[in-house]
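The chain below stands alone, shown as structure tokens; this is the form predicted alone.
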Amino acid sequence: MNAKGKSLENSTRQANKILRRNRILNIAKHLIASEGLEAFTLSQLADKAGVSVPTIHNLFGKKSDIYQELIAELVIALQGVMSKPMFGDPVESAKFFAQSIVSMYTDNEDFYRAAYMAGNQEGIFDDRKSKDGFVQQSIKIAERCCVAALKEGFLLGNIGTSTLTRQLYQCHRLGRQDWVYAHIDLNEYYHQVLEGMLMVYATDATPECHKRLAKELKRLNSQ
């Protein structure tokens, strides 16, 4: 076989390996999302994928390596959401971020559930372990939204920005945990997070903004 033929054969082999690896990783995502990390084993994954455990080791390494791969993929996805534009208007800000996140999760629920479970296991959402982790980045986004709302006259400033920021973050964190562990579906997640954010903003809203927030809450609860 000439050099060109060998190169083509190697390319085909590599492409097939990637496809096989992706198929097995998708099975891992489903297993973790549906059964949890504690029930997930490489033997189970190998059985469901129709391969041997040594094949799993060869393609991925250890179970923790699979977790790290899920986390790395999650990092990229979350950075995309975190780079979205800010809104000073509390109503538009809350609706935009809640819908953006739900749309992202809808694309691949198994992946996001599995990746968040892996992230919780590895402590990437623990703000005590990282001074520049996702908790801090999420809080900074909420802070910028609160500062913009105050500057543009939607908030009164009677409640400290740090307090509002912390509560806005908690709306997302609690909703996410409820969804990841299947206590609620994505529709309920959207309503829970949006309702929470609107109520947080309402605690410091100007009279005109308060009316709009109350109107949006009424509309949301009538759906």
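All values derive from a computational prediction rather than experimental measurement. One-based numbering along the sequence shown.
The protein also exists as the form predicted in complex with another copy of the chain; that form is not presented, and the subsequent description refers to it.
Among heavy atoms of residue 39, none comes within 4.5 Å of another copy of the chain in the predicted complex. Within 4.5 Å of any heavy atom of another copy of the chain in the predicted complex lies no heavy atom of residue 62.
Though the partner is left out of this view, residue 183 does reach within 4.5 Å of another copy of the chain in the predicted complex, counting heavy atoms only. Using a 4.5 angstroms threshold between heavy atoms, residue 43 stays clear of another copy of the chain in the predicted complex. Contact here is defined as any heavy atom lying within 4.5 Å of another copy of the chain in the predicted complex, and by that definition not a single one of 69, 115 and 144 is a contact residue. Just one of 126, 92, 152, 107 comes within 4.5 Å of another copy of the chain in the predicted complex, counting any heavy atom, and that one is 126. Residues of 176-209 that come within 4.5 Å of another copy of the chain in the predicted complex, judged by any heavy atom, are 178, 182, 183, 191, 192, 195, 196, 199, 200, 202, 203 in sequence order.
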